[in-house]
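As a starting point, one isolated chain is supplied in structure tokens, in the form predicted alone.
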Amino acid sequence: MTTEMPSPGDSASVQTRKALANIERWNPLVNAMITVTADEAQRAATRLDRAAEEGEWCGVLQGMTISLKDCIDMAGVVTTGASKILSDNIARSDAFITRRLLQNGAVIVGKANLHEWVYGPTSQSKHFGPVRNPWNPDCIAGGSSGGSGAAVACGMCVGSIGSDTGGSIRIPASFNGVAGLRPTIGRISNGGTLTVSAAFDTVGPMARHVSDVARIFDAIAGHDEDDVASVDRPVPNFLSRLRDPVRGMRIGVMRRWFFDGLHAEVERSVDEAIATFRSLGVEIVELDLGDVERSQPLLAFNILVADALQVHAEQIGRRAPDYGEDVLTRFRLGENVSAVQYAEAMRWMESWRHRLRRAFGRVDAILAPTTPMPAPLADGSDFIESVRQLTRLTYAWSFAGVPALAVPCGFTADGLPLSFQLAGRWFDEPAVLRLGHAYQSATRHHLRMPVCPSSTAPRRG
């Protein structure tokens, strides 16, 4: 069944009708949306169309349909975090980014499914059901922003706001064949969102086109004086230069570790992406960034598990049975982290960021695969090992706090999406967005869409 995508050339009302029709068609199959705000969306679209008819400019997003990962507040709408504990948690006010979206003309169509408590790479929610991959519903959609990635891939919205602590925007972007930006920590406010690790959490946009990711980023980036982690640094006016040629820019590549043990089709597609950049006049620079392989164990299994447990410890003591077993197990890993281990991880982080400052003196961005494999089967016999591998290549950029953009770069023979990521200097999102847009202008991978079966009867979880 053909999916009719919302188009920027359509009125806000037409875009909204298409998005809501796609939610009705696809959601029984992929379970990407927890809450659909159809009435609010249609009213907002009508207001935007009336304003447009009167010659009013309503913002850079004018009529763009957006979903919010269900860890982000929207006034009057439940924020569940895919948790039983928050199933009746009605938000009293909008998150900072929700306000920015609405102020810039977005139409919010609902809240997207995720891994419980924003804390897992598969989005197989115990309480709200798993998100399924629209390219193959037997595969995972990635996480924790799995619903956001699947919703964009299916045309349920043009863009979605996800969150990323260790890879939770980029992994589902990779597995669903869309683009996703983890911004510099502090560039976009986390005010009104659920916390995993206050020092490493960030929210960011996902969309099929990097140009749409850029528009959403432009709308939501900026200082929030009520958020202690928000950085008061001007956002450059970069959209007018998004289409500038990239000839003469420099991309760094580290073959060791980042390219070790890759699925053969991932390696092929990323090498082809590197060749495409060369054809665009980009210089490829070989790098050695040192012991980057320590990033995952030190961040994932020392800092993040300790930080996450600190957020949930009191509540786990009262309501442990109301947590999914997988999430509870991960939280309790934090009990085994010593102060010495936490300090060791922080010292390594300082060294890692120092090395990157030197590297970014030589290159504009660093390219690596987003995930070492395409989306694995949800029920595969090697699933546990696959889950351990999902975040292997994303933690380094999270630990550094730099912007990282996942970009679709091909498909396996079985039709599963593949992806690379571009990491840039702190607060230089414009550079990675410009490079990502240039790549998409020279390729067509992001234009391919999953096909919805004629029957979308709910699948068993």
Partner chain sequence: MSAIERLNPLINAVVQTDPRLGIGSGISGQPILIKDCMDVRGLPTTNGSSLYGKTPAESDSETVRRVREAGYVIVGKANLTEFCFGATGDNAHLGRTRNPWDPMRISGGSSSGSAAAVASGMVRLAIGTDTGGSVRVPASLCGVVGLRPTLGRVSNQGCLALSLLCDTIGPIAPTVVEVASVFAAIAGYDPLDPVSVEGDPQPLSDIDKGVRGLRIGLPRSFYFENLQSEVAEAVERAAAVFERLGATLVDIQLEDPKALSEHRAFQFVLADVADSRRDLMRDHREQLGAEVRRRIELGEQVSGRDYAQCMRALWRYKSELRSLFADRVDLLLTPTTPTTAPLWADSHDMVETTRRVAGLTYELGATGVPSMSVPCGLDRAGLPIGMQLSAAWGREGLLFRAGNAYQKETGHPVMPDMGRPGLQGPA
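Positions refer to the first chain, counted from 1. The structure displayed is predicted, hence computed values, not measured ones.
The same protein also has a form predicted in complex with the partner chain, omitted here; what follows describes it.
Going by heavy atoms within 4.5 Å, which of 227 to 235, 285 to 293, 141 to 149, 244 to 252 lines up against the partner chain in the model of the complex? Heavy atoms within 4.5 Å of the partner chain in the model of the complex occur in 227 to 235.
Applying a 4.5 Å heavy atom distance criterion, does Ala199 contact the partner chain in the model of the complex? Flag for Ala199 set to yes.
Quick one: is Ile274 in contact with the partner chain in the model of the complex, heavy atoms, 4.5 Å cut-off? Ile274 lies outside the contact set for the partner chain.
Would Gln310 count as touching the partner chain in the model of the complex under a 4.5 Å heavy atom rule? Because a heavy atom of Gln310 falls inside 4.5 Å of the partner chain in the model of the complex, the answer is yes.
Although the partner isn't part of this model, could you tell me whether Tyr342 comes within 4.5 Å of the partner chain in the model of the complex, counting any heavy atom of the residue? Taking the distances in the model of the complex, the answer for Tyr342 is yes, it comes within 4.5 Å of the partner chain.
Using heavy atoms and a 4.5 Å cut-off, decide whether Thr195, Glu350 and His354 all contact the partner chain in the model of the complex. Yes: each residue has a heavy atom within 4.5 Å of the partner.
Only one of Ala306, Leu86, Ala219, Val327 has a non-hydrogen atom within 4.5 angstroms of the partner chain in the model of the complex; which is it? After the contact test, the surviving option is Ala306.
Met373, Ala378, Val337, Ala368 - the one with a heavy atom within 4.5 Å of the partner chain in the model of the complex: Selected option: Val337.
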